[in-house]
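Only one chain is included here, represented as C-alpha cells and corresponding to the form predicted on its own.
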C-alpha cells in the first residue's frame, strides 16, 4: 500500500479545512467500511485521510425533539439507530430496515453520514429516509447548507457534496401518524444487496390518501421518489386497483439498470409487484409513526 498522511482533527469544522475541494485523493474517514474495501482492492489510493473519530461527541448522538422530529449526528453508527428506543417508538420502519441492512459487524462500525455520502444505490436506508422527508445538514470550511436526502443523491455512487464538505447531521421531520413500509428483493440472503428496494410512506386509509411517497432504489442509479406513482395515489379510494395502477406507473416511469442482480425487464416486473405489495402492506398493516 502506498503511504499516506493520517490526520485527526478535534472538530468537524476543522476536518473540513483539512479536505481539498480539488483533490479527490484526500478523503474523510468515519466508519471506513466502504473506504477500507476500496483501498484493499486498489481502487482508491489516498494521499491523506482525515479521521472523524475525535470530533465533537454531539455528532454521534440521536435526539428526539418534542414535536417528534429527530436530529441524528452523522457519526452515529447504524447500530445505534437499530437499538434506539426512541427510533423504535417514533420511526419503527428504520428499526426494521436496520435488521436487514448488511450485517451486524458493518452496522456496528458504519456511520449514517458515511452511508449517505457514499451514494451507493443499493443501500437500504436512503430510500426509507427519502420517503420520510429527511434532510441532511452539510458543513464546509466557511459554509453550511441543508439538503433533502432526495436531492443529495445525484447518480451512481454520486452526491452533490463538494469534496471539502461533510454531513453534520440527519434531520427527520415528525411523521404525524403516517404509515411506512420498506421491502426489498434479493436473490441471496436477506441482508445482501437487493435487486430492488421500495419504500413507501402514506397518510390516510382505504377511503383515500392525503399524502403518499413511493421511492425506488437498487434497480436505479440512485434512490429516487417516483412522482408519477406518488401523485396517482392521492385522493381516490385506496383499493387494490389503485395500488396496481401505481405499480404500473412506477414501472413505466423509472429508468432501470441491469446488473448481476437481474435484467431490466426482470426488474421492471419487480417494480410492479413490489410497489403494489408495499402499498397494500402500508395501508393494511404498515408501521404507524
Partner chain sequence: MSTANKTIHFTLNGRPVTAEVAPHHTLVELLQNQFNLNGARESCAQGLCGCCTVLVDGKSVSGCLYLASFADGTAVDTIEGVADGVALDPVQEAFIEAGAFQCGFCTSGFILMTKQLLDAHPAPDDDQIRHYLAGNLCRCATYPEIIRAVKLAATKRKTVTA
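Positions refer to the first chain, counted from 1. Here the structure is a predicted model, which means the values were calculated and not measured.
There is also a form predicted together with its partner chain; it is not shown, and the following applies to it.
Proximity of residue 176 to its partner chain in the predicted bound form: non-hydrogen atoms within 4.5 Å are absent; the residue sits far from the partner. Not displayed here, its partner chain is approached by residue 105 to within 4.5 Å at the level of heavy atoms in the predicted bound form. A residue is said to contact a partner when one of its heavy atoms sits within 4.5 Å of a partner heavy atom; residue 99 meets this definition for its partner chain in the predicted bound form. A residue is said to contact a partner when one of its heavy atoms sits within 4.5 Å of a partner heavy atom; residue 31 meets this definition for its partner chain in the predicted bound form. Checking 147, 161, 76, 109 for any heavy atom within 4.5 Å of its partner chain in the predicted bound form turns up a single hit: 109. Of the residues 65, 47, 252, 61, just one reaches its partner chain in the predicted bound form with a heavy atom at 4.5 Å or closer; this is 47. Look at 65-73, 39-47, 236-244, 253-261: in the predicted bound form, residues with non-hydrogen atoms within 4.5 angstroms of its partner chain sit in 39-47. In the predicted bound form, no residue of 149-186 lies within 4.5 Å of its partner chain by any heavy atom.
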